[in-house]
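This document starts with one chain, in the form predicted on its own, laid out as structure tokens.
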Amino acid sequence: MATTSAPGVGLLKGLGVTIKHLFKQPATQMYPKQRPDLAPRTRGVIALMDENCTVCMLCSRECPDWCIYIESHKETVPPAKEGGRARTRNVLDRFAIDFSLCMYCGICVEVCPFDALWWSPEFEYAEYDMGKLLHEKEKLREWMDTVPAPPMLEEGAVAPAEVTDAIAKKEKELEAEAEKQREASAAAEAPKSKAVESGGGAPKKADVEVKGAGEIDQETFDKLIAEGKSERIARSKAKAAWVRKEKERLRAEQESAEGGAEGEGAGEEAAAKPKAAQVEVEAGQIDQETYDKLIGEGKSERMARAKAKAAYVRKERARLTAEQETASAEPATDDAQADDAGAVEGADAEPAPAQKVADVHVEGTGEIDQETFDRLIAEGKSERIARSKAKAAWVRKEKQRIIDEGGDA
């Protein structure tokens, strides 16, 4: 015989559950007053980078819900080189996604070969009408602004071919633009040079013959290398700058020669004065202090080495120029004045300068300062940045230790 519970027991059990949860903290969030804490790469909605789309239709064909709609037309593209064949290219007219049908499987993002589709963390696009969930490419492009940047490449990884091709293309465009500007400035100076020629004045810049055009302007070369330009572009622009400066110098000498004895003397003095671009410097060295500073800031090794090389060349050129100016400025005096100058120099002689940190060579620079590394990791820095800064800190401490040991000795 089945047992039956007393009447009202079920009600008491339900009230017990209610009382049990009455004094607990609620598990819900007061949205929209309280915003959800989502991961940076949350899969909220699909965004479109329309400039990458080639209308290959792979995403539309692979979509299991057939919720992607694409329309395009063909255009004829002129040949890239003279004598080549014209090509046809698909131009995107419409790209729409019906999110009332989409099941957010992400297949379209995975199959896109040109990275035109991305996951965006945006999720607030609910509508009261299902027809408004059909979004066109303009709205999809707006969501692209909320897509986080791709992660950094690991140290030693090879950059994708698309990135290197894009950088090379941009460098060519900048070089072509600079060439157009030079041509425009030359065209603007042409009337002035014609007026000077008709008046029988100084010779034109184009009439001045420059020998040794294989030289380069080191200052321009170092500046372009420090800006991250390729060595080929930097060398060509530095060569053009050297030719321009040499032509200006030759023209100034010709004008001073025609101006009389006073102008000729001034021209010889200006020609005898050493210029920074004429000082030869062994450019294989680098300024270690600048290199350590840039590595500590998280710059790439190639950029840090290029800027450190440019800093070393500038310092060495300034030092050599100062020495040449000092040697040329010494007047020819008699023996008594020379003895007096030697006595004063000996009295005022200062002790040899202390060894600089940049002049100290440290072996085994693969080591890191563990204390700095742990502190940066604790602050949330990436391992690559923490390792580079810890490496620079170790080098600085090791150099200081070597200098202190040398001072004690």
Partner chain sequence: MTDLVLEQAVTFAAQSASLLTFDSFLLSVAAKIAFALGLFFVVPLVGGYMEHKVMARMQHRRGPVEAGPFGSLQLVADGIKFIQKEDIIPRAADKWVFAAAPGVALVPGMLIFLVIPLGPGVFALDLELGLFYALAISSISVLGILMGGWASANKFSLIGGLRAGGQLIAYELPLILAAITVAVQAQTLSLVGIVEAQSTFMLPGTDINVWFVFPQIIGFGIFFIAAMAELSRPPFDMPIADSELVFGYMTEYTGIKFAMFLLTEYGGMIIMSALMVVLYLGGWQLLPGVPLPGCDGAGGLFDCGWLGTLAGVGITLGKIMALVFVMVWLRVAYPRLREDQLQRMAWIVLVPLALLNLAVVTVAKVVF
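Residue numbers count along the first chain shown, from 1. Just so we're clear, the structure is a prediction, and the values are computed from it rather than from any experiment.
Keep in mind the form predicted together with the partner chain is missing from the figure; the text below concerns it.
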Although the partner isn't part of this model, could you tell me whether M30 comes within 4.5 Å of the partner chain in the predicted bound form, counting any heavy atom of the residue? yes
Is the gap between P26 and the partner chain in the predicted bound form 4.5 Å or less for some heavy atom pair? yes
Partner proximity in the predicted bound form: R401 to the partner chain, non-hydrogen atom cutoff 4.5 Å: no
Does every residue of G14, T18 and L22 put a non-hydrogen atom within 4.5 angstroms of the partner chain in the predicted bound form? yes
What residues of 90-104, in sequence order, lie within 4.5 Å of the partner chain in the predicted bound form by heavy atom? none
